[in-house]
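Next up: just one chain, as structure tokens, the form predicted alone.
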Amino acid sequence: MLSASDLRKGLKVQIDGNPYIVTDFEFSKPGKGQALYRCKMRNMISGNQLVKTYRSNDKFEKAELDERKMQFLYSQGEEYHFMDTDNYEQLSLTKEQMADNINFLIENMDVEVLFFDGKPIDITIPTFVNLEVTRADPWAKGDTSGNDTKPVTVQTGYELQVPPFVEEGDKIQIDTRTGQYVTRVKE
């Protein structure tokens, strides 16, 4: 069992039989009385948001989650198919379960698939991915404010801002947590 003082961003807890992840956390100690823990949580199955305030003596169950290494195979319509690299068992996740991860997912990428009660509910992709630029407009010189960027599209269809020297065909590294350009990859 976990107490309210164990709450922190990223913690996975079970409330009413459903797994929740703490997405935001605020602690306050009024002059009198108990400490208060205000949490924003997301249901890991339905995606619904929950905002609740807990007192220091409230208890939680830790979510019984299992993570397995799997390989992304392909997408077909609204479904994304994965294979367990140990026993070659295959499963699929919906576009809603994938959320923003679809912007960085390429075939044969190794990911961690999160299971709750034997059902896949979420994936964790690598923090940094290398993707090829498929569309980049030429950069027009002139604005020398020092903060020049231009939009590009990578092989997954994701659009982002990059420095002007990045061209079509280049491989770039992207931080999957923020969706931002990190560096150009030398091959």
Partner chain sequence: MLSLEGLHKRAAFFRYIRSFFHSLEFLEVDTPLRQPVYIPESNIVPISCEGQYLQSSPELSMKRLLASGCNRIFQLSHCFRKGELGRLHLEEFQLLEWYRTGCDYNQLMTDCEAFLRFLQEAMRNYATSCGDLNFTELFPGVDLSAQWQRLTVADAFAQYSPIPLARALEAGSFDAILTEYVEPCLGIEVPVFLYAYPHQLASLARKSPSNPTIAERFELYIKGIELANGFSELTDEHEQRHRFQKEIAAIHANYGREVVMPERFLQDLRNLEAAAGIALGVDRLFMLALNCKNITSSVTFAPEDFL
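Since this is a predicted model, take the numbers as computed values, not measurements. Residue numbers count along the first chain shown, from 1. Throughout, rigid core stands for the largest set of C-alpha atoms superposing within 1.5 Å between the two forms.
The same protein also has a form predicted in complex with its partner chain, omitted here; what follows describes it.
Though the partner is left out of this view, residue 36 does reach within 4.5 Å of its partner chain in the predicted complex, counting heavy atoms only. Taking the partner from the other structure, its partner chain in the predicted complex has no heavy atom within 4.5 Å of any heavy atom of residue 135. Using a 4.5 angstroms limit between non-hydrogen atoms, residue 128 is distant from its partner chain in the predicted complex.
When its partner chain is considered in the predicted complex, residue 29 lines it closely, a heavy atom lying within 4.5 Å. Note on contacts: among 55, 150, 62, 69, the single residue with a heavy atom within 4.5 Å of its partner chain in the predicted complex is 55. In summary, the region of this chain contacting its partner chain in the predicted complex, judged by heavy atoms within 4.5 Å and restricted to 175 to 183, 162 to 170, 21 to 29, 8 to 16, corresponds to 21 to 29. Contacts between 69 to 92 and its partner chain, taken as any heavy atom within 4.5 Å in the predicted complex, involve no residue at all. Taking 2 Å as the criterion, residue 40 counts as shifted between the shown form and the other one: its C-alpha moves by at least this amount when the rigid core is aligned.
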